[in-house]
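Read the single chain below, which is given as structure tokens and is the form predicted on its own.
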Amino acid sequence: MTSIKEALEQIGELPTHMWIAGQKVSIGSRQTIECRDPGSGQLLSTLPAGSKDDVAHAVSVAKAALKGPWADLLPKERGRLLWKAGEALHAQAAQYALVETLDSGKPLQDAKVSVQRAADYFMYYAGMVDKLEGTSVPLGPNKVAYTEKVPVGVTGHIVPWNVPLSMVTRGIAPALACGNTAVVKPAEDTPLAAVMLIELLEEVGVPVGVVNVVTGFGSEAGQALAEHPDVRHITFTGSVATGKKIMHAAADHLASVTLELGGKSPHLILGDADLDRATPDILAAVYKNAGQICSSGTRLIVEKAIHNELVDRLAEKSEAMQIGHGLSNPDMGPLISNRQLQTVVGFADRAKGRGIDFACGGNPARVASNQGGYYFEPTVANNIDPDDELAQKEVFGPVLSVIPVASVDEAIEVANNTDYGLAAGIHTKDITAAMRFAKSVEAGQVYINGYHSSGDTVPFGGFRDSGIGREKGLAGLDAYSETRAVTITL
């Protein structure tokens, strides 16, 4: 295992600043935010907590950049810059992965994948830049009408802490592809990679001021970004409550929003499923990133015929999982913070008070070499009522709620029995049952025989309380351009 000291030596100097108009903006008289390693509790860096004035400065810089050299670039030149950004990120993937692990706690192998995905977003959208075509509209012999795609303007990106680098790039890559500029507000728990990334973009030739980053708290910097009248689109990933606040703030100046909010995603296992295949998929769906993924398959809906056998398998595999610091490449790393750990502990303790049966887990985990970290056991809560808190509320931790059902009809009813609609999965050999589920479940993406199997070129987003709009793939471009119609009378 690479030690924390060795990892920091390989990374070099961590950011202690924001990045606005091509300049480092230091703490000065500002409040500060502390970045701590979730695996050990060790302080990594201290950064400025950006104010409303900092946000206003960043937005003004981004607005001015819309009319600078950035606007004069040919589409193919803008595409080349995005490609170069992807190549540069790929080249520095090892360093960024160490930062991602120390900043967010995820296992190093997962952090490496996350960095590669971040780089691939730039390269994917680089290929789209010169293909953002309009249409010709037939109006008869004496008129010519056509449409063109134009940038919306300054875009704001309020980024969560669970997949910090990838979440930044999946928003700014399509925004830049469409010719916009951007202001990024990373999560206060995980701002390091975002600051490094914006500096990298300018190093590869993206003009100064096109992308800026303001570190700080959501209640001030995030709110100020959502409220700013010159920000024409806000992309946000986070809680439903905060998403509603951002939507209200954006509505005051009629800015559009992309909101990727919570989830309580159902994962249905029918009686004919291949359990040797389904079991590792179930575990990955709920324990990946210690359960801190909005689309995690946290509600396991199981046909009663295989319920006991599957729960036994899951409990055995869960108890055998290695929990540890992300640098040791464990099966599962820590939660992001003590705040999040206590949230998960609260869910577990309340469930115990209601008499919920835990097949395994249900407690904070001790990792001898990292006693200051924020660890929780892989947990399987069995025989959960569909209306129970564990089946309705987003725990955002490694807690699987198992709900037995008697039929596919009951499974679909249970699957749709929440306010969310982000993702859903099913394991079965019956393609008719699978397609029936896919057409009936209220979710933005459905996985058949492979949870989280779609990759990053398939549209992603939710129904109902899970959000508005889509990211990833070609659909990810839709929010970042306006359609202008031009009519000529001959």
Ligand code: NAD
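Note that residue numbering begins at 1 and tracks the sequence as displayed. It should be emphasised that the depicted structure is a prediction, and the values quoted were computed from it without experimental measurement.
There is another form of this protein, the form predicted in complex with ligand NAD, and it is not shown here; the text below is about that form.
query = With the partner left out here, if you bring back ligand NAD in the predicted complex, are E188, E260 and E394 all within 4.5 Å of it by some heavy atom?
reply = Looking in the predicted complex, the three residues E188, E260 and E394 all sit within 4.5 Å of ligand NAD (heavy atoms).
ask   = Does I158 reach ligand NAD in the predicted complex if we count a contact as any heavy atom within 4.5 Å?
value = Contact with ligand NAD, yes.
task = Would you check, heavy atoms only and a 4.5 Å threshold, whether G179 touches ligand NAD in the predicted complex?
result = Although ligand NAD is absent here, G179 would stay clear of it in the predicted complex, with no heavy atoms inside 4.5 Å.
ask   = Just to confirm, G333 within 4.5 Å of ligand NAD in the predicted complex by heavy atoms?
value = Contact check for G333: no, nothing within 4.5 Å of ligand NAD in the predicted complex.
ask   = Applying a 4.5 Å heavy atom distance criterion, does S166 contact ligand NAD in the predicted complex?
value = S166: no contact with ligand NAD in the predicted complex.
ask   = If you check N382, T279, Q223, S256 against ligand NAD in the predicted complex, which one has a heavy atom within 4.5 Å?
value = Residue within 4.5 Å of the partner: Q223.
ask   = Of these, G86, G238, P151, G209, which has a heavy atom no more than 4.5 Å from ligand NAD in the predicted complex?
value = Exactly one listed residue reaches within 4.5 Å, namely G238.
request  = Name the stretch, out of 300-308, 108-116, 337-345, 197-205, where some heavy atom lies within 4.5 Å of ligand NAD in the predicted complex.
outcome  = Of the options given, it is 337-345.
request  = Scan 241-255 and note down the residues that get a heavy atom within 4.5 Å of ligand NAD in the predicted complex; none is a fine answer too.
outcome  = Counting only heavy atoms within 4.5 Å of ligand NAD in the predicted complex, the contacting residues of 241-255 are T242, K245, I246.
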